[in-house]
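Shown here is one chain on its own, the form predicted alone, set out as structure tokens.
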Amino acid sequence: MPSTILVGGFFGDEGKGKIIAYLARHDKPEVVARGGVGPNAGHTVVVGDKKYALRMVPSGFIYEPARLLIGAGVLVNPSVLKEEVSSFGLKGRVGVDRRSVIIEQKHIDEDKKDSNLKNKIGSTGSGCGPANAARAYRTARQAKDAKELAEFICDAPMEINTALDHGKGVLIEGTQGFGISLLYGTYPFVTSKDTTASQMAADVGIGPTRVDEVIVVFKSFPTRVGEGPFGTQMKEERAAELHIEEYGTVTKRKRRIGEWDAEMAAYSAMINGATIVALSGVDRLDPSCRGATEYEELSREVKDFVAKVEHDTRVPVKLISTGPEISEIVDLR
């Protein structure tokens, strides 16, 4: 089985959690590892009539045999992690790399009171920016120094690379999206680190030669939470006509809605080294496609849009999400 990295192609909120959960259940990886920033990112997973909102635990947790790892590059809020482990019954399955950095209350307080982060950039207030700054200043606490995380401490790169050595599948979850990457996003309206596939590999401790597939998730109608440029943003009246109203998983702030951005999609696919595109929200293009699981069930409008996405990104669209539930997907791999 291959190692697969999945990241967001626009500004986050692309539906990564649903795609990751589907891949975990369908591809049955030995390990699901989480890269990314930290608990400032939320993933939503819908399984039947159950809805899970996660901030720390990998969304692939729904595949019960998988080992769940949090990479060294991820910031950890111990209370959020332990609450999710308890709520979702994950005791014994989760490992936190010993070099992960701990978000402390002082980081959260600083995040919330910093007027630039809060008012201009629109920080979530989860303490991630100040914690990453502390990491850079070499004053941060690592997971190995936190007694409350003792049961979770592991060497994530060793576990992941050992699994790959034995031909086991590894799924690596990214967070946020390309448009808010510290390096490539709409600076300064960005998160506190890079969010590309290369960064996700570094976060969990695998080299570039060990990555087999890079899946970039794009939303048919891109959305953005918080401040910052959004070149294809539509007016609220237009979004209402399309019956699109969404709110952020973590902040509950209303998401701004936009039209498809061909230029950004192409650039994102290029820098991420995409081998597969996953497309979400096609049921917003044509509600008649809601719940479709076969390509033949898709309307001409949706098929034409898929072709446009492939033309714009020069990457094949192999996963097409037709609704929020994990089974509502067309898998063309």
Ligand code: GTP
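So that there is no doubt, residue numbering starts at 1 and follows the sequence shown. Keep in mind that this is a model prediction, so the values were computed, not measured.
Only in words, not in the display: the form predicted together with ligand GTP, which the text now covers.
*Asks:* Let me test this: is every residue among Asp13, Asp283 and Thr322 within 4.5 Å of ligand GTP in the model of the complex, going by heavy atom positions?
*Replies:* Heavy-atom distance to ligand GTP in the model of the complex: all three under 4.5 Å.
*Asks:* Only one of 296-304, 262-270, 66-74, 36-44 has heavy atoms within 4.5 Å of ligand GTP in the model of the complex; I'd like to know which.
*Replies:* Residues of 36-44 come within 4.5 Å of the partner.
*Asks:* Is there a non-hydrogen atom of Arg93 within 4.5 angstroms of a non-hydrogen atom of ligand GTP in the model of the complex?
*Replies:* Arg93: no, not in contact with ligand GTP in the model of the complex.
*Asks:* Indicate whether Ser100 is a 4.5 Å heavy atom neighbour of ligand GTP in the model of the complex.
*Replies:* So Ser100 does not count as contacting ligand GTP.
*Asks:* Does Thr196 make contact with ligand GTP in the model of the complex, using a 4.5 Å heavy atom cut-off?
*Replies:* Close contact is absent here: in the model of the complex, Thr196 is far from ligand GTP, nothing within 4.5 Å, heavy atoms only.
*Asks:* Using a 4.5 angstroms cut-off on non-hydrogen atoms, would Arg255 count as touching ligand GTP in the model of the complex?
*Replies:* Answer yes; at least one heavy atom of Arg255 falls within 4.5 Å of ligand GTP in the model of the complex.
*Asks:* Scan Glu83, Glu148, Asp212, Glu246 and let me know which has any heavy atom within 4.5 Å of ligand GTP in the model of the complex.
*Replies:* Exactly one residue meets the criterion: Glu246.
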